[in-house]
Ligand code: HEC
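Taking the form predicted on its own, here's one chain by itself in structure tokens.
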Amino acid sequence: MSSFKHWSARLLFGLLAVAPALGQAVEREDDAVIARSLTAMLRAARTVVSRNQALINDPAIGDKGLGGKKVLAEALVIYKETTQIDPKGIAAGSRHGRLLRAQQDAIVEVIDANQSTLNQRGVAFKGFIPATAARLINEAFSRRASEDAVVKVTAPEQLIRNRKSRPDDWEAKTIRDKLLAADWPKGQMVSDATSSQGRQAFRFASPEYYAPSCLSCHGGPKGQIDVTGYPKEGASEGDLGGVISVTLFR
């Protein structure tokens, strides 16, 4: 075989050897885009609920005008502002498009299913807070997409108020070893290729920190019962308060 043929064979062998690694890198990058997108959409929907808490809890107003389509429309505006991505530009038939659509449908479903609560007269605190809305949206999303993806809001074990939100082994280790580490860059996300529920998966965790508006329920004095009926954690602004966890199955 000529030297050129030897060189060609070595080049072909080298390309074949690295092709799987390149493919995995591209796949992982795509997974990260999808995970960030689902995280942003969940946060956007939760923000709409947060901004409308005074209206939701107004006992004098019946119909709040907060139907599922309206909440979704406002969430889409926030999503575009925070991501600089227009969801209409995401191919509907792509994995990203299908999962984002399932999440949007979940938002509409949850808001519409809770209209009797949102519109109840004579009751001030309705209990439909951002955390509750996020949990219900994630559950509705799971019913649509559990074979492909799971989105969950969890937190350090000692902060968990709902047992359904307890961190699994990967989440607990990620929170303990990374997100709670003194030298972890604030806001930096974590991604990992591992397994979940016996399947290969891309795992993603985005930290969330207490803002001033969170402290009425999660601040001090520690142990005092808040408006939702739980004891306050005594947290401070900027403390790690939660984690949005996304699992994309392969």
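For clarity, every value in this text was computed on a predicted model and none was experimentally measured. Residues carry their position along the shown sequence, with the first being 1.
Missing here is the form predicted in complex with heme C (HEC); even so, the following discussion is about that form.
Remark: T228 counts among the residues lining heme C (HEC) in the predicted bound form, judged by a heavy atom distance of 4.5 Å or less.
Taking the partner from elsewhere, N162 is found to have a heavy atom lying within 4.5 Å of heme C (HEC) in the predicted bound form. Contact annotation: S216 falls within 4.5 Å of heme C (HEC) in the predicted bound form, judged by heavy atom distances.
Shown alone here, I129 lies within 4.5 Å of heme C (HEC) in the predicted bound form, counting heavy atoms only. Contact with heme C (HEC) in the predicted bound form, defined as a heavy atom within 4.5 Å, holds for exactly one of T154, N114, N138, Q104, namely T154. Residue heavy atoms within 4.5 Å of heme C (HEC) in the predicted bound form occur in exactly one stretch of 58-66, 32-40, 205-213, 182-190, and that stretch is 205-213.
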